[in-house]
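Read the single chain below, which is given as structure tokens and is the form predicted alone.
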């Protein structure tokens, strides 16, 4: 049996796409291997959001060139956002690459690989194809948790972002096909699904009849076996009162909301073309916490966007303190080819970006730790999904608000169980707890 090795960079959507590619090729008798040296086909799934991610890809392709020299029949492919953005330029810079295909062509990966093997010449496929719901997964995919793409593409056109070019326009999968996939996952033992979309809370408006993410929550909530529903990534511009009510009223939707802010400065937000102000963002946070007091928030923030002043940056720091995020993902602004921000004259120096990055991370870490400490003494519901990384004799799982908890299962708890755990200690990156003697109301965080 021919062997496939997958290398994945980037976001959860890329992880999902890699799973689907592995599943599709498995149906054509490709066996997944963790050892690239024994692979007959190596696919590199790429990210184009930041220049650093692209540099990693080309560095890896340089390593693979040596492997290809030893094994000329080895097929090397590049897929994903970088493939869609740079297309033929990838093969010019890395002639070792035999196959380049974008996200719209994932459903035809088997056909594309066959063409390379049959014709022994390189293949480039980056045109937009029909929206296809791919449910194939490799046998090695985790059973307890799964990603489910509900929509693809983005039409926000933020001035720093290439996603509209790499993923195309917004297109939603039908509720029926999504529920069918979730039901299949549940039958295979899945307990938690994460609904994915570049702007997931814009889901359904392009369908006939139109629907929305809140209605999809209600449908997925009815699937037996599924215990938790998560979703990412949302844009504040598309957050509606109806969706907030759904987060409150649909029992399986977890109290964890990733809501990218990007900057705390209105001036910078306008230059980013984000479509909201800091005041509107704070209003939304207040509305959500009024509906769901235990909601935990995470966010994305960019430092060093063109023209960002010290005063602008201070407003971002202030927003981290004011919102009280549980987790923050900080990125240094990276010029992306073809985006409006790349051509802005007032680029920020790399040393200033580095300093602001460090300062923001320090603030976010402190705020997150303060939020985490509030869980001490509470009893929380934990979905057991593995063993502790540092203590293999202990179990690990996550709270509904997405905190990692390590605990001694005392032989009475199994993988996939939902169990009440009393939190005894808040560590920098995890929680410790003990089995609760009496079930109590499981909480995340108070206001």
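Numbering follows the first chain given and starts at 1. What you are looking at is a predicted structure, and each value in this text was computed from that prediction instead of being measured.
Just so you know, the form predicted in complex with S-adenosyl-L-homocysteine (SAH) exists too; it's not on screen, but the next bit is about it.
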property: Contact assignment for S-adenosyl-L-homocysteine (SAH) in the predicted bound form, among 115, 143, 332, 108, heavy atom within 4.5 Å; result: 332
property: Option touching S-adenosyl-L-homocysteine (SAH), based on a heavy atom within 4.5 Å in the predicted bound form, out of 315, 103, 149, 198; result: 198
property: Partner proximity in the predicted bound form: residue 262 to S-adenosyl-L-homocysteine (SAH), non-hydrogen atom cutoff 4.5 Å; result: yes
property: is_contact(residue 300, S-adenosyl-L-homocysteine (SAH)) in the predicted bound form, heavy atom dist at most 4.5 Å; result: yes
property: Heavy atom of residue 396 within 4.5 Å of S-adenosyl-L-homocysteine (SAH) in the predicted bound form; result: no
property: Proximity of residue 327 to S-adenosyl-L-homocysteine (SAH) in the predicted bound form, heavy atoms at 4.5 Å; result: no
property: Contact stretch among 46 to 54, 61 to 69, 398 to 406, 413 to 421 - heavy atom within 4.5 Å of S-adenosyl-L-homocysteine (SAH) in the predicted bound form; result: 46 to 54
property: Within 4.5 Å of S-adenosyl-L-homocysteine (SAH) in the predicted bound form: residues from 208 to 237 (heavy atom criterion); result: 233, 235
